[in-house]
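Okay, so here's just one chain, in structure tokens, the form predicted on its own.
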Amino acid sequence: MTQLSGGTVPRDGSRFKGRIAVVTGGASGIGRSCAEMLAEQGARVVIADLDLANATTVAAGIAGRAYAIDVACAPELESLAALIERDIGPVDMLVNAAGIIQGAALSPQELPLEVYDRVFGVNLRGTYAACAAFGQRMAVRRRGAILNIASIAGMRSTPLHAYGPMKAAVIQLTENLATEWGRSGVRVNCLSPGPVLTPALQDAIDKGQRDRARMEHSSASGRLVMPREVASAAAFLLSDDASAITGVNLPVDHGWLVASSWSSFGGVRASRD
């Protein structure tokens, strides 16, 4: 048994035994890590992703299922929710990890509205539509847990004029839905990761759009977040160990939020020998 504050995580995969989890965006990055960790802890995982090939590969490795879906299309999500409930069973957990990054930090006059609209459609509208499709069914059954993936970019000012505002909206959406469905037995929480070394971020680093050293230097621990670290926090918030927690936004950022303002004072202090 691995000891955590508030409970223990059984190594035999019994934490989520028999529970059905849907992970949007589970074909890569944070979503993939969440899908794999939930499966390790006993959940029956369904991956919903636009990239069916990679989703199928991930699902095969965790004895799960994969469906092709564009979360920006609400009717597709509604159909998927009904299909899963009919063919697999009632969904107990939903992880909204589907998202796209903005890429370059462009000024408003340079940022195409097409990019803005796509970020809105996937990161905010898609999250809302998935919550609505699955959450309403959870509320009728009077049980369920939803986890939305936001970002520290939604908690501070950044030059990501599409991505940041959408993630800020996801944080408030989480609070709204936690209250909406709270007395129907549904918990809704949110994670706000710092820079996570996903394939998408690595691609941005490779293209010169992001500076890895600068991102690491801006955190309290001097590290980037790994996808499995986000997945660990996700599993906790979805579990019964977090039964009294709803409507929260938990930063998983290696202390980026607390350390970034230290740049005015020369930066975070070096490690003590």
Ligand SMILES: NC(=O)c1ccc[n+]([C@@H]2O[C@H](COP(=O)([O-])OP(=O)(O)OC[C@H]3O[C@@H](n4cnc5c(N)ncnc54)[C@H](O)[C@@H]3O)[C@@H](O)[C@H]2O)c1
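These numbers were taken from a predicted model, which means no experiment stands behind them. Residue numbers here begin at 1 and follow the sequence given.
The protein also exists as the form predicted in complex with the ligand; that form is not presented, and the subsequent description refers to it.
Every residue in the set Ser28, Tyr163 and Ala200 has a non-hydrogen atom no more than 4.5 Å from the ligand in the predicted bound form. Among residues of the shown chain, Leu173 is not one whose heavy atoms approach the ligand to within 4.5 Å in the predicted bound form. Contact between Ala97 and the ligand in the predicted bound form is found at the 4.5 Å heavy atom cutoff. Proximity of Arg142 to the ligand in the predicted bound form: non-hydrogen atoms within 4.5 Å are absent; the residue sits far from the partner. In the predicted bound form, none of the heavy atoms of Arg156 sits within 4.5 Å of a heavy atom of the ligand. Just one of Ala39, Ala204, Leu50, Leu237 comes within 4.5 Å of the ligand in the predicted bound form, counting any heavy atom, and that one is Leu50. With the partner omitted from this view, the residue of Val186, Ala133, Met93, Val71 that lies near the ligand in the predicted bound form is Val71 [heavy atom within 4.5 Å]. Residues of just one listed stretch (104-112, 81-89, 177-185, 144-152) have heavy atoms within 4.5 Å of the ligand in the predicted bound form: 144-152. For the partner-free chain shown, Lys167, Pro193, Gly194, Pro195, Val196, Thr198, Pro199, Ala200, Leu201 of 164-201 come within 4.5 angstroms of the ligand in the predicted bound form, judged by any non-hydrogen atom.
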